[in-house]
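Below, in structure tokens: the form predicted alone, a single chain.
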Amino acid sequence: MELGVYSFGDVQKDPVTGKLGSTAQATRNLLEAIQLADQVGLDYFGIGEHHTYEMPASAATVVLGAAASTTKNIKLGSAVTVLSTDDPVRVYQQFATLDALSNGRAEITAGRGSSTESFPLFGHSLNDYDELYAEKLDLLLKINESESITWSGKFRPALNEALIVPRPENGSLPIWLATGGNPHSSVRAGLLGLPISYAIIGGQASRFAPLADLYRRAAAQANIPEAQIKVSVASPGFVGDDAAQAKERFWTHWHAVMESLGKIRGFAPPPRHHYDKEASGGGALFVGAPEEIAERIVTLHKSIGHMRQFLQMDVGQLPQKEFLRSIELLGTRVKPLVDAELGAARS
């Protein structure tokens, strides 16, 4: 089982004034977190593309490229790349460059994007939401198959025997398909033979088990080799030295995020009893002491069979010091317990 972290590069708040700090410092904090995750033995760090002041991680490959030269083992990826509003040629070139700098540790996780700031920013219409993604995923996969591309589509100029470089030394890049639970996405990933990453951010985590089964059935129908069939889980979480204190601390920051999103998307923030249910047992929020988190990951594995789980810890301007401590506990306390039960990660 691989364990890791993902982040949108949250900006910190000044503890005295309560005002948001600089996006520059948030970027430096992100690099510090990746370096620590590698030092404590975690397997993966993903950066999720966002374009807001509070979450300014808009250029993942730049940060990951900096991390490539100061880390040794950790896999470096996107969580996610909003492929619908990007150019697959540039995405591939950037991650292939990252792959070279990291000696083969780069991954792409392609998604439509649950946040839609990038659509107006890059001149795309939300009316083309599904069509953009399907076309650009098709091009990205074709680039991964061959360095010379002839291709035509609706949303970008055609390519005629175009050379796409650099190329990964291993021949191709790992490309994951991300989804928040759309059954069609599970079928698509299975038929294409792509590994799938489920974003489980609410409800009971085990409700994704039927989707994972659907994914595997689609892959079997397409005669996809078993080695290509991989499931990962991304979920909010926070590991503390004390379970009660961890749950209390994370509540403050998680609720702040829900309150902010609610104002934008038109829903009331969930009450405390809802949070308490989701932050324990089979809920989607993996919050607590190391032993509890390890047990819950192992339990979820029994229903979903995933090979990687990575947590978003720095939500709602969680202080960097607490973010780093949570990363440390995930690597030094949670991972050994999960490895003892399920076995260490294998590439």
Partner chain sequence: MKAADVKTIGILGAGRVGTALARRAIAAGYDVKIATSRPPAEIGLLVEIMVPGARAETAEAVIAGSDVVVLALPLSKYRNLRPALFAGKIVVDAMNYWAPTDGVMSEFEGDRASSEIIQDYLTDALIVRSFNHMGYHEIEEEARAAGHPDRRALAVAGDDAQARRVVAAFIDHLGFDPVDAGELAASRSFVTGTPIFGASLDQAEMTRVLQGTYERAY
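Residue numbers count along the first chain shown, from 1. Just so you know, these numbers come straight off a predicted model, no measurement behind them.
This next part talks about the form predicted in complex with its partner chain, which is not shown.
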In the model of the complex, does each residue in the set 126, 130 and 266 place a non-hydrogen atom within 4.5 angstroms of its partner chain? yes
From 89, 101, 214, 141: within 4.5 Å of its partner chain in the model of the complex by heavy atoms is 214
Using a 4.5 Å cut on heavy atoms, which of 120, 166, 157, 203 is close to its partner chain in the model of the complex? 203
Does residue 116 reach its partner chain in the model of the complex if we count a contact as any heavy atom within 4.5 Å? yes
Quick one: does residue 181 come within 4.5 Å of its partner chain in the model of the complex, counting heavy atoms only? yes
So, in the model of the complex, is residue 274 in contact with its partner chain at a 4.5 angstroms heavy atom limit? yes
Residue 249, heavy atom within 4.5 angstroms of its partner chain in the model of the complex: no
Want to guess which of 147-155, 167-175, 230-238, 217-225 is within 4.5 Å of its partner chain in the model of the complex, heavy atoms only? 217-225
Across 317-335, the residues having a non-hydrogen atom within 4.5 Å of its partner chain in the model of the complex turn out to be none
